[in-house]
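Have a look below at one chain only, the form predicted on its own, in structure tokens format.
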Amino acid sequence: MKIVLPANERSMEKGISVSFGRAPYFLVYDTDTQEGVFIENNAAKSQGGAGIKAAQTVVDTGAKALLTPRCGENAADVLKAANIEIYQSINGSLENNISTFNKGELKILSEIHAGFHGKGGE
């Protein structure tokens, strides 16, 4: 299964990005092959709608799950329409989040915020 995690740097040892829509990179990780690739998040520098554009990028990867600390409502709607589960990430490295996900220990992200809508967040 492919999963996606927002990343500030291209390193599995680094922490997960606190912002989904504005994360510079996404790690697309295949839990079956245990291989990952970093892709640029072209939405990160968008004037507006970064969350929606980032969500479409995730959809385009063929992922079945997103691991993130938070997600805006508009982005969540795009992900849910594509049947992508959104999981609450934990503090720690991308590697640690993947391991925790594989053990079935991450919870579904239940608190979806309204979004920042041009206010510099998501």
Partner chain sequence: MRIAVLSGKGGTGKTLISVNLAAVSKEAIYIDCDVEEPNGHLFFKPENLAAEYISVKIPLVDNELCNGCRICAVFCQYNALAYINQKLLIFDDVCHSCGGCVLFCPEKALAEKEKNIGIVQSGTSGLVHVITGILDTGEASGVPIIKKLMQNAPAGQEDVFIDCPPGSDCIVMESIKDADYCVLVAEPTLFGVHNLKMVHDLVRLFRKPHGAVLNKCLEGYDPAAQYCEDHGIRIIGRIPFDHDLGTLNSNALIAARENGKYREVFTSLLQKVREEVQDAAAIDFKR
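Please read all numbers here as calculations on a predicted model, not as lab measurements. Residue numbers count along the first chain shown, from 1.
There is also a form predicted in complex with its partner chain; it is not shown, and the following applies to it.
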Exercise. Report whether the minimum heavy atom distance between residue 46 and its partner chain in the predicted bound form is within 4.5 Å.
Key: yes
Practice problem: Please run the contact check for residue 39 against its partner chain in the predicted bound form: heavy atoms, 4.5 angstroms, yes or no? | Solution: no
Quiz item: Can you check whether residue 70 is within 4.5 Å of its partner chain in the predicted bound form, heavy atom basis?
Solution: no
Practice problem: Determine whether any heavy atom of residue 93 comes within 4.5 Å of a heavy atom of its partner chain in the predicted bound form, and answer yes or no. | Solution: no
Exercise. Could you run down 61-88 and flag each residue that has a heavy atom within 4.5 Å of its partner chain in the predicted bound form?
Key: 74, 77, 78, 81, 82, 83
